[in-house]
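Just one chain follows, in the form predicted on its own, and it is written as C-alpha cells.
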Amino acid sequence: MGSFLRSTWTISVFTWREGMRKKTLIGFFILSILTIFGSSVLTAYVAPTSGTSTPSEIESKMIKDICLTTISIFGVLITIFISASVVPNEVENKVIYTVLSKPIRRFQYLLGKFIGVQLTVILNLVLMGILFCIAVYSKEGIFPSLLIWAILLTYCEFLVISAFTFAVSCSATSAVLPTIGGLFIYIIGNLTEYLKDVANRVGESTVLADKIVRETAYWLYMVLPNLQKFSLKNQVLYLSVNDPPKDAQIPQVIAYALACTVVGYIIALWVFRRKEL
C-alpha cells in the first residue's frame, strides 16, 4: 500500500509540475489576474452615479460580477485544457509506454494523472480566489466569507467538468477532441436546468410527440450533470459578502459533485483499460 501511494503521488506531482509549465495555462492565469485587478479601475469609469444605490455599492457589485465571471471563464478554460491534454500528450510523446512498463497499474497511473490535474486546477483557483477576496475586501473592508463558499462550489463545478473531460481524453490521441468535448460538457451542464422547464411545460399532454419530448427532456435532466447547482453568483452579488449562503444545501451539492466525479472517473478507467497501449 505504501508503494502504491508513493507511486501514485509521484505521478500526481509530475503531472502538476508539467501542467504548471504549460504556457497556455500561464497565459490564462495572467489574463485572469489582469482582469481581476483591472476591475477596480474599470468600475471607476463605468459605474453610474444616480439611482437608488450609492456609487460605492454599484462599484462593489460590478467588481464582484467581473471577478466571478473572470474566475468562471478562465477557470473553466484551465480545467478543460489541462484535463484534455494530460493523457493524450503522453500517448503522443510515447512517455506512457515507459511508465506502464514499470510495475504500475493502469488504475494507479490514471488516478495519479487525475490527482495531478486537480492539484493544478486547485492552485490556479486558490490564487484567483485570493486576488478576488483582496479586491472585495479593499472595497468593502469586510472579510468576504460568502466568497469562500462560492469558490468552493466553483471548484466542485470544475471537478465535474474535469472528470468527464478526462474520460473523453482517455479515448483520444490528441487534445483537440477532448477540449471540444469539455466545452460541450460545460455548455450542456449549464443548460440542463432548462430541460426540467421543458418537461414541466409539456405537462400531462397525451399527444405522442409531447410525451416523447417530455420523457426525453426528463431523462436527460436526470442523467446529465447540472452545473447550475454550483452557482452562488446571485447571492454574492446581492447579499453582504459576510452573509452565510442561503437556500443552498452545501453538503448535498458537494456530495452531488463527488458522485458525478466518481462516475466520470469510472468511465475514464473503463475506456483507458480498453485502450491498446
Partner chain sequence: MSAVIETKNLTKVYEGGRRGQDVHALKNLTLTVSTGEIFGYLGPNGSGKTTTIKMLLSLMFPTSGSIAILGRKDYGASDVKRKIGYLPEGAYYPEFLKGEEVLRYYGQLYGLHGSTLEKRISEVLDIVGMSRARKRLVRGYSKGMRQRIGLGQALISDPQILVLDEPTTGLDPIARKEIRDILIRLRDEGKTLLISSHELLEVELISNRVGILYEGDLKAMGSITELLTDRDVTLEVRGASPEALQRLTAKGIQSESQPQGVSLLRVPNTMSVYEVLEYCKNEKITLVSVAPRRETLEELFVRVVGAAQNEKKG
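Numbering follows the first chain given and starts at 1. All figures in this text were calculated on a predicted structure; none of them were measured in a lab.
We do not show the form predicted together with its partner chain, though everything after this point is about it.
With the partner removed from view, which of 94-102, 135-143, 115-123, 177-185 is the stretch that lies within 4.5 Å of its partner chain in the model of the complex, judged by heavy atom distances? Going by heavy atoms within 4.5 Å, the stretch is 94-102.
Wondering, does Lys196 line up within 4.5 Å of its partner chain in the model of the complex on heavy atoms? Flag for Lys196 set to no.
In the model of the complex, Ala268 touching its partner chain (heavy atom, 4.5 Å): No - in the model of the complex, heavy atoms of Ala268 and its partner chain never come within 4.5 Å of each other.
Answer with yes or no whether Tyr256 is in contact with its partner chain in the model of the complex, where contact means some heavy atom within 4.5 Å. Because no heavy atom of Tyr256 falls inside 4.5 Å of its partner chain in the model of the complex, the answer is no.
Does Thr10 reach its partner chain in the model of the complex, with heavy atoms at most 4.5 Å apart? Because a heavy atom of Thr10 falls inside 4.5 Å of its partner chain in the model of the complex, the answer is yes.
Which residues, if any, of 5-30 lie within 4.5 Å of its partner chain in the model of the complex when only heavy atoms count? Heavy-atom contacts within 4.5 Å come from Arg6, Ser7, Thr10, Ile11, Phe14, Arg17, Glu18, Arg21.
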